[in-house]
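Here's a solo chain for you in C-alpha cells, the form predicted alone.
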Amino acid sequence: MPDTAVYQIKDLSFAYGGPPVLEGLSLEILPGRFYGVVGPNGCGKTTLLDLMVGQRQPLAGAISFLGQELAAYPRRALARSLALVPQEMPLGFPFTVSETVLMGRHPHIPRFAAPGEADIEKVEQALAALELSPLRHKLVTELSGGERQRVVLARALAQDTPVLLMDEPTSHLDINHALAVLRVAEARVRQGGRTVLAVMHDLNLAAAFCDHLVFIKQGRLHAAGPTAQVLESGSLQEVFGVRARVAWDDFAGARVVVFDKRGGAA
C-alpha cells in the first residue's frame, strides 16, 4: 500500500469553552501501521479521537482524511471507511450480542434492505475473532463490563473499515482478553494492510503492539515516531513525570518499561 497519508492533521486546536484542550497539534498517520496515542489523564487524547471521527469540530487547524477534508464526508460514506471504538458506549437496550454486532454493517446495507449473506459472514467473523460466538444469543444488558467492551469492538470489526480508531480498548479486560483484542487489531494491520490507532494507558501493551507512538502532553504533541525511537526513559520522565527504564525483552518480544515505584526526580 503506498504511503499516502490516511490523516493529515495541521495546527489543530480545540477548547470546551475554557483553556485549549488541544493546541497547535500536527500529525500524519500513514496506512498499514498500528499507532498508539499515550499521555497523562486529561491531556486531550479522547478529544483528538473525537475530532478525527468528526464528532467535534476544531477551533482552529485542519483535518484531512484520505486526501479530503474530513468535514466534507457524508456521514454514511465516512462510516464505510472509518470505525470508532469509544471509551464508553451505553448498551442499554436489550438487543442480543449478534444483533448488536450486526449494527456495524448498517453503513454497507442499502436503505430498507435486509442484511445479506456477506453481512452475516462479517458478523460471524467478528464474533469468532473475539470469542463471543457462545454469547451470540445473550442480551447485551446481561453482560459483564469486559464482555460488553468486546461486543463494541466486534461491532467495529464487523463494520470492516480500512481505518479503526480505539479509545482505551482494553480498559475493562483481563490480561488474556486484552492480549487477544490487541492481537486481532494487529492482525488487521499485518495481514490486511489496515490502519489502527488506539489510545492506550498500558505502556507495555503499547510497546508490544504499536509500530508508532504519539506522545501528548498538556494538549500538545510532545513526540511521535517509531516505538523503538520515541519510547525511552527521557520521554516518560518528561511526559508522565516518572522514573523508568526501557529495554528490549526477549521473552516479551518487545521493549518493556519498568517503573521506579519510589518516584522522585530522574
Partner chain sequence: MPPAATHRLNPRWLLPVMLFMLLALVVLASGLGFIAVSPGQVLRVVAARLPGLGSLAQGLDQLLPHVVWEVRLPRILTAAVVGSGLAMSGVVFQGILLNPLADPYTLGVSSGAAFGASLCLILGLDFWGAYSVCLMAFLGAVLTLLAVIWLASQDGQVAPGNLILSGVIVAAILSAGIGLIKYLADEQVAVIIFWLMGSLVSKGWLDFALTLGAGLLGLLVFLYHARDLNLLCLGSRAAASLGVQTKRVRLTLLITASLVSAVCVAVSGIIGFVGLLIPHVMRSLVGPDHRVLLPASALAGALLLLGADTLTRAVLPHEVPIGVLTAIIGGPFFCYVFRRRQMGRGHA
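Residue numbers count along the first chain shown, from 1. This is a predicted model, so every value here is computed, not measured.
As for the form predicted together with its partner chain, it is not shown, yet the points below apply to it.
Asks: Would its partner chain be touched by all three of Arg76, Phe93 and Ser98 in the predicted complex, meaning a heavy atom each within 4.5 Å?
Replies: Every listed residue reaches its partner chain in the predicted complex, so yes.
Asks: Would Thr195 show up as a contact with its partner chain in the predicted complex if we use heavy atoms at 4.5 Å?
Replies: Contact with its partner chain, no.
Asks: Do Glu121 and its partner chain come within 4.5 Å of each other in the predicted complex, heavy atoms counted?
Replies: Flag for Glu121 set to no.
Asks: Are any of the heavy atoms in Arg155 no more than 4.5 Å from a heavy atom of its partner chain in the predicted complex?
Replies: Because a heavy atom of Arg155 falls inside 4.5 Å of its partner chain in the predicted complex, the answer is yes.
Asks: Quick one: is Ala185 in contact with its partner chain in the predicted complex, heavy atoms, 4.5 Å cut-off?
Replies: Because no heavy atom of Ala185 falls inside 4.5 Å of its partner chain in the predicted complex, the answer is no.
Asks: Just one stretch in 219-227, 206-214, 237-245, 47-55 has heavy atoms within 4.5 Å of its partner chain in the predicted complex, so which one is it?
Replies: That would be 47-55.
Asks: Which one of Leu102, Val189, Leu132, Ala180 is close to its partner chain in the predicted complex, taking close to mean a heavy atom within 4.5 Å?
Replies: Answer to the contact question: Leu102.
Asks: Using a 4.5 Å cut-off on heavy atoms, which residues of 75-89 contact its partner chain in the predicted complex?
Replies: Counting only heavy atoms within 4.5 Å of its partner chain in the predicted complex, the contacting residues of 75-89 are Arg75, Arg76, Ala79, Leu82, Leu84, Pro86, Glu88.
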